[in-house]
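In the block that follows, a single chain appears as structure tokens, in the form predicted on its own.
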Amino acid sequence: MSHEILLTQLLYGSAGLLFFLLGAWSFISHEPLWRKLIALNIMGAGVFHVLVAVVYRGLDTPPDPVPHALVLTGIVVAVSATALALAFGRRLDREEPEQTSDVQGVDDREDGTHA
């Protein structure tokens, strides 16, 4: 292998590792669910980046289609899962204020009684 291929693999692999670590840090440090969802997507992008870096063979040889097909399938699944998670999160945000008002003891009526 030439040094150019190794350098390219090292750069792509390092960027993927950086994406993954940034997403993991963001997932751990942030509380809102939508930020955790974005962090998971960043981690997934890092994994895809590393997989593409591992199978890179250079410009002269044809690429192996199986890992690239796996990455494309993973991207489609990640987008679909993100849309589903956003829909669930929206439903939770819509229903959550009704449930937490009784649990936390917030006065719902003007006379101070609970609903």
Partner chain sequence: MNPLLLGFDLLLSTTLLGLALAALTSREPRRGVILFIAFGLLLALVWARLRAPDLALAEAAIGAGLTGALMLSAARRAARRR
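All of these numbers come straight from a predicted model, not from anything done at the bench. Numbering follows the first chain given and starts at 1.
One more form of this protein, predicted together with the partner chain, exists but is not displayed; see below.
Q: Residue-level contact is defined here as any heavy atom of the residue lying within 4.5 Å of the partner chain in the model of the complex; does residue 59 satisfy this criterion?
A: Residue-level check for residue 59: yes, a contact with the partner chain.
Q: Please tell me whether any heavy atom belonging to residue 76 falls inside 4.5 Å of a heavy atom of the partner chain, as the geometry stands in the model of the complex.
A: Yes, contact at 4.5 Å.
Q: Would residue 28 count as touching the partner chain in the model of the complex under a 4.5 Å heavy atom rule?
A: Although the partner chain is absent here, residue 28 would stay clear of it in the model of the complex, with no heavy atoms inside 4.5 Å.
Q: Which residues, if any, of 22-37 lie within 4.5 Å of the partner chain in the model of the complex when only heavy atoms count?
A: Heavy-atom contacts to the partner chain in the model of the complex: 22, 23, 25, 26, 30, 34, 35, 37.
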